[in-house]
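Here's a solo chain for you in structure tokens, the form predicted alone.
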């Protein structure tokens, strides 16, 4: 049986604006295997959320998507809107960053979860209601039978995020996309939500695309790591290699900017500059204006993603000089 559940080939998501063409995702190639968690990391503006929205074909106008997004070998970009509605929430579900903007304030949370179940499963009303209560219990909401009749504003931020997870998992999706799902939560609630996602992944056998800028969450949750910068994939490897032996200056710089217990440092190293404008990105390597290893060739030649060892790819022109 093919282990690959999702394969992205040469994905380009461009926004055609008056200021020019913003290349939010540019020639992205990725794979997610069955029951695997892939951490997609990078600074804000790197193209992480646009990648997720592209998979579900939720990119707003004036965005256009080209390439291939193969889910079980079928190209989602060729499906009709009606077919995509059955995929969204059924086969592929997404947890958004801010649950308060994703939940409808005028409907009870029970209504909103049951809507997803009714859309994708042929169940009668009693079975739907039972499933809603069961899912709320699984995500740790006490007195679920009563609380399903409450509205979003009656829940705390952590509880609303649990409701979003319950909604996303209510139809047993094969792929769960978690977009900064723990960003707005305090550390104790964040730990609980991550543990919940791990437990539910084991129970349902789902794959997870974990989008975050928090490398601690990546270390806790991910099997593999993909590093995005200005719409380009810079590095792809397993999670242990990402932290112990990065092979791209951008991932190295990200790691140097976070506190570590095993490294004695008085000050953290910040990455100079900012993520470039996607309408007019730098020539050559997009990271070269901020890279401490950059040379003249980096300004002229665009690097290709090359496999430097089995399962580990890097898009750096000087990878052999710097790391070997």
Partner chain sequence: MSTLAEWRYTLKMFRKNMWALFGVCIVITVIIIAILAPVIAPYDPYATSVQSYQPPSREHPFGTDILGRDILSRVIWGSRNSLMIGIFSSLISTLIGVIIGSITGYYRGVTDTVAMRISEVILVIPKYFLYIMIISMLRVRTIGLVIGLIGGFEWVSTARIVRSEFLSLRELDYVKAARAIGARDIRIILLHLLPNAMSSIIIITTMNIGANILLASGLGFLGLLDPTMLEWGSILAYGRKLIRHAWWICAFPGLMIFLTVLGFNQLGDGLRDALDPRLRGRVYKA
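Owing to the predicted nature of the structure, the values given are computational and were not obtained by experimental measurement. Positions refer to the first chain, counted from 1.
Only in words, not in the display: the form predicted together with the partner chain, which the text now covers.
Of the listed positions (137, 130, 85, 72), a single one reaches within 4.5 angstroms of the partner chain by any non-hydrogen atom in the model of the complex, namely 85. A heavy atom within 4.5 Å of the partner chain in the model of the complex is found for one listed residue only; from 30, 65, 56, 294, this is 56. In summary, the region of this chain contacting the partner chain in the model of the complex, judged by heavy atoms within 4.5 Å and restricted to 229-237, 193-201, 151-159, 138-146, corresponds to 151-159. When contacts are judged by a 4.5 Å heavy atom cut-off, residue 111 counts as touching the partner chain in the model of the complex. Although the partner is absent here, residue 164 sits close enough that one of its heavy atoms falls within 4.5 Å of the partner chain in the model of the complex. Residue 123 falls outside the set of residues with a heavy atom inside 4.5 Å of the partner chain in the model of the complex. Taking the partner from the other structure, the partner chain in the model of the complex has a heavy atom within 4.5 Å of a heavy atom of residue 115.
Taking the partner chain as it sits in the model of the complex, the stretch 87-118 comes within 4.5 angstroms of it through a non-hydrogen atom at 88, 89, 92, 94, 96, 98, 101, 102, 103, 104, 105, 106, 107, 108, 111, 115, 116.
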